[in-house]
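As a starting point, one isolated chain is supplied in structure tokens, in the form predicted on its own.
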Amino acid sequence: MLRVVVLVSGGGTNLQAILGAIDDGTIANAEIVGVISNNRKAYALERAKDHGIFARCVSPKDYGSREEFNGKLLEAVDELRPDLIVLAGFLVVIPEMMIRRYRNRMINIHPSLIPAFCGTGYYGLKVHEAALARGVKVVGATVHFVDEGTDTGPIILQKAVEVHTGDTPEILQRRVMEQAEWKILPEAINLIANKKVSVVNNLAVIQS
């Protein structure tokens, strides 16, 4: 059984999608053993508790330096002994020591078709504002492994979503979540849980 730890900063809609997929069997051979947030008020923590899942806040506001926070975050993750870490809207820069320790065992969901609209500064609504400002006709979401860059790790899955005339950033964000994020993030976890994903020459390879 794959031990999954989810890191999240906000409402936890992607966390809810994962929980639902585990409950209905879409994700097999995996369990969420803990949810950690940097935000004490994150509704994701309540979602976890409602499912009987261990949940805690590790906030940088509680520590005197970023280095101390990074150490405490890694310590909190290590205590849960994860096989896979899922960043589901976690708005904190991941410490390099955590990336090294969990190389190819940490994934992120990003609300664009990488390499478009990704990297430093592209998160949340900012991604969708940029896409609409550029006038693209297709957007989407990407699940990728986490490396030392920003949204640069091996891509596991992507799913495209059409842009509609009259879309606002908020409307587009919701469509991308519903049609892409909530589908491919559980799918990626299921593939990993069932040993269908490997990394070769810095590319994610999916076995049929």
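Just so it is clear, the model here is predicted, and its values are computed rather than measured. In case it trips you up, residue 1 is the first one in the sequence shown, and so on.
Only in words, not in the display: the form predicted together with a small molecule, which the text now covers.
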query: Tyr122, heavy atom within 4.5 angstroms of the small molecule in the predicted bound form; finding: yes
query: The small molecule contact at Met177 in the predicted bound form, heavy atom, 4.5 Å; finding: yes
query: Leu74, heavy atom within 4.5 angstroms of the small molecule in the predicted bound form; finding: no
query: Asn14 within 4.5 Å of the small molecule in the predicted bound form, heavy atoms; finding: yes
query: Residue stretch of 93-101, 130-138, 76-84, 106-114 approaching the small molecule in the predicted bound form, non-hydrogen atom distance within 4.5 Å; finding: 106-114
